[in-house]
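Single chain ahead, written as structure tokens, the form predicted on its own.
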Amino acid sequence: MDHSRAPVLDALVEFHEQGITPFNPPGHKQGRGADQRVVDVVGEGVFRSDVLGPNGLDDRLLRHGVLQEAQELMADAVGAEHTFFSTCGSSLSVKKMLAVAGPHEKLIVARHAHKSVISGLIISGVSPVWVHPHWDGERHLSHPPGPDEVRAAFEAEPEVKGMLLVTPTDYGTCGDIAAIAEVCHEFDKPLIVDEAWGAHLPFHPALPPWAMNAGADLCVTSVHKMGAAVEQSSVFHLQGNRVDPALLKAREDLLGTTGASSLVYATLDGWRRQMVEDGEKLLSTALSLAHGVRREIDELPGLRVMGEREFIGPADSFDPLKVVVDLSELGISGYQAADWLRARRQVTVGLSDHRRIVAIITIGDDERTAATLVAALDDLTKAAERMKAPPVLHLPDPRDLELSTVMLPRDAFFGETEQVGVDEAVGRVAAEMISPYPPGSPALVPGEVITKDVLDYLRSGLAAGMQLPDPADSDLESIRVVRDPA
């Protein structure tokens, strides 16, 4: 295929050359109706490129063929058989991929899945069979489960419809997709991979294996995370015959918007062309930059860059573009560090927790941005001695966070509920998600029995700086639970 083409971008150029006067949405009419104060911030090009709707460069019926061609080029670029663009991030894509199972049918799900997966379970009524990740109790980290755990789940629940695996993690750990795919296929079941952090993986041999090459049937990736498309840009890929592409397309149409933004499609299209033409070179530069940054940060007093020793097993791998910095020796939390870096050095990080921050290197970085990061962290090491000791975070044994599921997530979420105080909530069935964010993996899922350990962890985390965006009571003085029968 001709990867020098970018069908969406080409169609945008052609559309503007035609000089069309639109009497259809979007109502801003190529920016003429937009508030100039908005245009001054986001630019005129944002509005001039927002023309995907009916009679624009394409429509939901794809009668102009632009999106279909762009998706076919993306599939060819990464070696998939079918590719679908998504305009609401991988949070929407992963819900579409749950099409392999229906209400009350079972699906094996890695328990450290993102909250979007749990939302998909709630919407679909699918019954999760949890596979717990590999817990690192010393560092309080979770890593993808292995093939032995997956095999045990299939043997215990032979009626399951497939498995959903999360890899890479927010910390860069990549699971053994090939071995897990082999187990799934022994049972003739599809493997779905939530590979939101892996958009770049197909385009450089020094990076960990990516899902399609490793035998997965379905995978989703967020191009806005590690790629170079605008926020909300996501794709999901399909290969093999274990998932009907027509069924997947129907689910995509059910959940997708009828008023998609061509900005998302255009940047996905352009990113694919960029990666096919220059991806290996660009990623080689990013990898070299990341290795240098890792060495320099590791030499700073009180900082230690984490990597393969802490993160991978015999068959796992690690993405070095995730620079995970342990701050334990500085005596401050990752929450404190992230706040200080943003407020004092105008540097942001991708993730912070009770003892770490994660800085992400991409093809958008260069020597200047790398030097800025290292200098800011150097300054942090000097400022840390003047910071207050962080509040104590209750960190139970990870096994104590493996809660019992007694109801379908959908039934607990949509059933009769009540708000009760935290002390009364112990032993009750959760009716809401509570997800430390980032990374956004719920500590509490609807349908699980609430324990004192998980509440102590969440409440102490909130006091220490943890973000909890989803509970009804943001102060966590009360919890939404399933109402007990009268």
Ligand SMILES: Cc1ncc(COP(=O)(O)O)c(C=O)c1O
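Note that residue numbering begins at 1 and tracks the sequence as displayed. Keep in mind it's a predicted model, so treat the numbers as computed, not measured.
Heads up, the form predicted together with this ligand isn't pictured, but that's what we're talking about next.
This chain lacks the partner; the member of V166, L121, A337, V323 within 4.5 angstroms of this ligand in the predicted bound form by a non-hydrogen atom is V166. Put simply, of V126, A196, I363, I177 only one has a heavy atom within 4.5 Å of this ligand in the predicted bound form, and it is A196. Residue heavy atoms within 4.5 Å of this ligand in the predicted bound form occur in exactly one stretch of 67 to 75, 133 to 141, 278 to 286, 111 to 119, and that stretch is 111 to 119. Remark: none of the three candidate residues (P7, F85 and R273) comes within 4.5 Å of this ligand in the predicted bound form, counting heavy atoms only. Remark: T405 does not count among the residues lining this ligand in the predicted bound form, judged by a heavy atom distance of 4.5 Å or less. In the predicted bound form, none of the heavy atoms of T173 sits within 4.5 Å of a heavy atom of this ligand. Contact annotation: P209 falls outside 4.5 Å of this ligand in the predicted bound form, judged by heavy atom distances. When contacts are judged by a 4.5 Å heavy atom cut-off, S222 counts as touching this ligand in the predicted bound form. Contacts between 67 to 91 and this ligand, taken as any heavy atom within 4.5 Å in the predicted bound form, involve C88, G89, S90, S91.
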